[in-house]
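Next up: a single chain in structure tokens, the form predicted on its own.
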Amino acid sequence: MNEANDHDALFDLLAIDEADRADCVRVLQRSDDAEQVALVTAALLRSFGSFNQIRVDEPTQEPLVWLKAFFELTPHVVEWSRRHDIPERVTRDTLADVGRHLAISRRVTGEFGLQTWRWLTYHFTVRIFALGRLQFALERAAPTSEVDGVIKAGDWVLAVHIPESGPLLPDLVDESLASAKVFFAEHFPQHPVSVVTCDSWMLDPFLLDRVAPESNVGSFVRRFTPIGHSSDGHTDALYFVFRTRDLSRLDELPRDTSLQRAVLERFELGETWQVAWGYLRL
């Protein structure tokens, strides 16, 4: 297989759009970043398979160095997944986040890049898995997410994440949660889980009062019992709904949905969006 075919196979696996492929080839062909890439690869490998019990060091914050390390580690992720009998479909769906986030960066900035490289460290330390509509990261609960009789610090839990891949339909959420219960019991019985956690601006009570219970978002957030812990996430809602953090653009952003209107209303009130925590039992 020649180099072009090797690249195509890699980019197909990572679901990279045609618009980004030539730039990805140039990243792979760079020779002046070998030392930094080696440091990043080593940092990822130290955490690999620890489910974030070993945190990932950041020897650099240069996004394309991280991207190149992700490319180099892809065969390692695939081999690990095969050894752990992870279905190929799950591996592909999980790694498709690379192409998804390259496309998001191009849409946000108008050029090639990877704004969300830190997020993809989940994928290249094999701590997250895409199961249908949702993604689940296997990790230990922090002290801030303790709930009497439900979660203790250090318990294994599944942190749920919502990729940008279409409507958040309740039936699809049900299917993902059911799949997660079976998947983790089968593949990681040594890390038993019975609780799903969520930390998101979507769990901010401000939103609950402004989206209908029967809406996709309203249905999703009402699945979770509040934990009570929260932190400021001022522009998180703006970024995830509109893919911008530019507060000077508020007047030009669309208000077609109740979600869009709610996000903008909070800024107009001079308030700060909160990242809140919740849980549900599998």
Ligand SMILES: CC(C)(COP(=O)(O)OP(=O)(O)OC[C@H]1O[C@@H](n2cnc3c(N)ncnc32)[C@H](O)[C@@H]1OP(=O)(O)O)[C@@H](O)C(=O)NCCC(=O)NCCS
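Residue positions are given as counts along the sequence shown, with the first one as 1. Nothing here was measured: the structure is a model prediction, and the numbers come from that model.
Below, we turn to the form predicted in complex with this ligand, even though it does not appear here.
**Student:** Report whether all of P163, L168 and N216 sit within 4.5 Å of this ligand in the predicted complex, measuring from non-hydrogen atoms.
**Tutor:** Checked in the predicted complex: all three residues contact this ligand.
**Student:** Within 4.5 Å, heavy atoms only, one stretch in 233 to 241, 50 to 58, 66 to 74, 33 to 41 touches this ligand in the predicted complex. Which?
**Tutor:** Residues of 233 to 241 come within 4.5 Å of the partner.
**Student:** Does at least one non-hydrogen atom of W201 fall within 4.5 angstroms of this ligand in the predicted complex?
**Tutor:** Residue-level check for W201: yes, a contact with this ligand.
**Student:** Given that this ligand is not shown alongside this chain, does L259 nevertheless sit within 4.5 Å of it in the predicted complex, heavy atom to heavy atom?
**Tutor:** Yes, L259 is a contact residue.
**Student:** So in the predicted complex, is this ligand close enough to H101 to count as touching (4.5 Å, heavy atoms)?
**Tutor:** It does not: once this ligand is placed as it appears in the predicted complex, H101 has no heavy atom within 4.5 Å of it.
**Student:** Is there a non-hydrogen atom of R133 within 4.5 angstroms of a non-hydrogen atom of this ligand in the predicted complex?
**Tutor:** Yes, R133 sits close enough to this ligand in the predicted complex that at least one of its heavy atoms falls within 4.5 Å.
**Student:** If you apply a 4.5 angstroms heavy atom cut-off, which residues in 93 to 120 are near this ligand in the predicted complex?
**Tutor:** Sequence-ordered list is empty.
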